[in-house]
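What follows is a single chain, given as structure tokens, in the form predicted alone.
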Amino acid sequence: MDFSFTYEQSMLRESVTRYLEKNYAFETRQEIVRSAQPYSSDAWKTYHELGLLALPFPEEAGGLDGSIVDLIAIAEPFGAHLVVEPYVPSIMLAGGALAAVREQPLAQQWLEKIIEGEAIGAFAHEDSHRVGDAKQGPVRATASGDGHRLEGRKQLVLAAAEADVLVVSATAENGAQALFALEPTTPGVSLTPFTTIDGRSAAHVDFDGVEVPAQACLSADAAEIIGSVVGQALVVLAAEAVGATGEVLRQTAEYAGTRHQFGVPIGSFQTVAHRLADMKMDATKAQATLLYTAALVEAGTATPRDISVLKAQVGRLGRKVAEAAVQTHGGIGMTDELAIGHYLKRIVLIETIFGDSDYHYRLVGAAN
């Protein structure tokens, strides 16, 4: 089976990589994280010009009908450069959900704005009781007049603080999972913004008697849609983690070859050499799992079990590589001035959201 990128995918990947290498050095990224803005608007504009915001959506919705492998081709460089722009929250999650119900006028209206870079979306789905699945959660939707009333809280909603539209999952009175679109300025919606450990913007979102009209309900039975959207996003997040893991390996090998102790490079020490070899094997296994799962997704044969295997493996292996990198660098590995600790934080966050490795290993075990 050929796991290489096509010519077009390679060109797209190279275009994204060249832009990031020129404009998104680690020091530049740190300036963005320390600024009052949650992400670089210039970078987001460039992503739009490169067609990245339209990439995953079908042509009839104004997109480029890109495949999952197209998305992996850009997600790995994103991970390697620790980008903080809300590509997964706005494009893959909120945008993906809107695209799935684009026959709804409100969904199509917001989707067009997201594709054009005129709006940011956030997907309010995870909560403190459930992780990653589409089962019942604490946010509930009850009938109220011609519309619905939303009550509850969503945890760790990436990009919520700067979002123009929230795509919210809620449990309806009949137990089904419904999907709503509303603006964060809607009365009764309150946000608790914070910055995640890897520098991204997020917020907890509370719904206190939020009245939404009937047209705001995008789907009354959205469990299948949510599962598909989250599954696609997990593959892209895994690609980010693989990109970050590969860069951690590269930087650590370079450091081990230039850092001297007792007059020789530390990479010549047996312990360090063995550690680098283990890191190389773990990074290779993570990338192989990503490529295999991507092939299944593109062929339309991927199951939720396959996605859980990917999430668990990439999370566990990526964390091992990043922790070994920090150990190799010593105390400076966790300082703000060095990138290695920031890669560890990014990989840990990716491993945690939508269920950590242990959670997904349990799902794999239950599916056997």
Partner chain sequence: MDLESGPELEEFRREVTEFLDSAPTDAIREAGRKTTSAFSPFDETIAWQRILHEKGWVAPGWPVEYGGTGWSVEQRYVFAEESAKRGLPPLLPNCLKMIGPLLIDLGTEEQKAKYLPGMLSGDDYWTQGYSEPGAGSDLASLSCSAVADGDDYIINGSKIWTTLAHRANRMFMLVRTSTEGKKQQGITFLLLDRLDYPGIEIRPIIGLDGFPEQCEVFFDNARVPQSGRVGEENQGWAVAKHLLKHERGGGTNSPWHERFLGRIKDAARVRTSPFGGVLAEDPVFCRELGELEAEVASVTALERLAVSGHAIADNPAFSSMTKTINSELTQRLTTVLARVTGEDALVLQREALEVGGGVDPIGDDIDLVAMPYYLNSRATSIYAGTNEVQRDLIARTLSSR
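Numbering follows the first chain given and starts at 1. Predicted model, so just to flag it, every value in this text is computed and none were measured.
Note that the form predicted in complex with its partner chain isn't included here; everything after this is about it.
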One stretch from 185 to 193, 292 to 300, 160 to 168, 216 to 224 that, in the model of the complex, holds residues within 4.5 Å of its partner chain by heavy atom = 185 to 193
Check each of Ile32, Leu50, Val69, Val326 and return the one that places a heavy atom within 4.5 angstroms of its partner chain in the model of the complex.
-> Val326
Contacting member of Asp336, Asp42, Asp65, Glu27, with respect to its partner chain in the model of the complex [4.5 Å, heavy atom] = Asp336
Counting only heavy atoms and a 4.5 Å cut-off, does its partner chain in the model of the complex sit next to every one of Ile197, Phe262 and Gly341?
-> yes
Do Thr271 and its partner chain come within 4.5 Å of each other in the model of the complex, heavy atoms counted?
-> yes
Indicate whether Tyr19 is a 4.5 Å heavy atom neighbour of its partner chain in the model of the complex.
-> no
Verify the contact flag for Gln155: yes if a non-hydrogen atom of it lies within 4.5 Å of a non-hydrogen atom of its partner chain in the model of the complex, no if not.
-> yes
Applying a 4.5 Å heavy atom distance criterion, does Asp282 contact its partner chain in the model of the complex?
-> no
Hey, which residues along 344 to 362 are within 4.5 angstroms of its partner chain in the model of the complex, non-hydrogen atoms only?
-> Leu344, Lys345, Val348, Leu349, Thr352, Ile353, Phe354, Asp356, Asp358, Tyr359, Arg362
